[in-house]
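Listed next as structure tokens is one chain, alone, in the form predicted alone.
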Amino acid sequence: MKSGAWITVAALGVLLLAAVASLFVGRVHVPPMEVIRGFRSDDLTLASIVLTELRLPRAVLAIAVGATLGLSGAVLQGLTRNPLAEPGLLGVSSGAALGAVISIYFGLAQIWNLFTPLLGLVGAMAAGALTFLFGRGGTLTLILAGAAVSGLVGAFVSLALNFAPSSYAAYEMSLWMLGSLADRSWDHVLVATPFIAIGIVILATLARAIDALSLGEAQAASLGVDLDRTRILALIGVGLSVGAATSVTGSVGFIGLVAPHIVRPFVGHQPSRTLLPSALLGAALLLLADMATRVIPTNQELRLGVITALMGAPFFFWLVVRLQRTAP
């Protein structure tokens, strides 16, 4: 097996196990044999409804969202040569949050539940376009523009919370921003996955470019890499995929940071080799986090963003300690 290929196989194995396990785990106890029979039954039994209408779309969304977060984090870390780069770097996640908050603020979510993800997607694309408009001068300019857009959009989100028309609306906004896969249906899958798929395909084409960029921008340009085109494609790919993901799940952090860091030591630190295993591991991590929200005994289900933060923060504390020990 080629160097580093085993980490891809391992990540795929963990993903498959987590995907199967997620169908058997939930707040509503369904015996395992009933779940298995639910696959083959055309009758509207409790097991078949729980499996096909609740757990299966939730698992599909977790895989799609986790994969795009892991892949986007790996691409952005290679593009910016910054190990702390993550999918929210370009302001896309904040834009999606603003779109969703607008939907809740004006009561559109009560009219049609898909208004929230649709407006979230519009907000993500608008934020990405604004970042591109002001960040065309280079990678550093793009990062600064993304930070500025994130700050501006975050201010508007805070403004909406401050002037929420009711305590219920403020509560709904806060809950959405914590991130969750609860109550997601096949409609949410149909809204998000086409954009996620297009974004993933675009990001996957940047493998050669981010390998060249690891040598520096001048060296990459001398190797024939069109830097402006690479940045534009990265922005479009992240905007489409992460924007669509955030629009249906809310804000989910750390997956795009943690997955590439776990993978990188096993692939010789070559950026292009981190892409596929980061996507697979990101999907597996999000599935495991979503399962944790269902099995941890609490009065109400924990939010996905809380679990991913609890998973991610200790990892980075460990990373800091390791760097301190290895630093000269």
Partner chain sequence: MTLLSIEGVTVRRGGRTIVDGVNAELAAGQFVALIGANGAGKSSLLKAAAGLWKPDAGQVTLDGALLASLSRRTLAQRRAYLPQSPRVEWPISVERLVALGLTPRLPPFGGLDAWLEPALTQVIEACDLTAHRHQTATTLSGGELARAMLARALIGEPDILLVDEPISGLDPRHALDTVSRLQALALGSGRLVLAAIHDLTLAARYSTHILALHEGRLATFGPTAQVLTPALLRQVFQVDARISGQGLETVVHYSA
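Numbering follows the first chain given and starts at 1. For clarity, every value in this text was computed on a predicted model and none was experimentally measured.
The following text describes the form predicted together with the partner chain, which does not appear among the structures shown.
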Assess the spot marked by 139, 231 and 240: is the partner chain within 4.5 Å of a heavy atom from every one of these residues in the predicted complex?
-> no
Given that the partner chain is left out here, which of 133, 223, 190, 159 has a heavy atom within 4.5 Å of it in the predicted complex?
-> 223
Which of these residues, 94, 180, 77, 116, gets a heavy atom within 4.5 Å of the partner chain in the predicted complex?
-> 77
Counting only non-hydrogen atoms, the one stretch of 168 to 176, 96 to 104, 204 to 212, 150 to 158 within 4.5 angstroms of the partner chain in the predicted complex is 204 to 212
Find out whether any non-hydrogen atom of residue 27 is located within 4.5 angstroms of the partner chain in the predicted complex, and reply yes or no.
-> no
Exercise: residue 185 in contact with the partner chain in the predicted complex, heavy atom 4.5 Å = no
Contact label in the predicted complex: residue 268 to the partner chain, heavy atom within 4.5 Å | yes
Contact label in the predicted complex: residue 58 to the partner chain, heavy atom within 4.5 Å = no
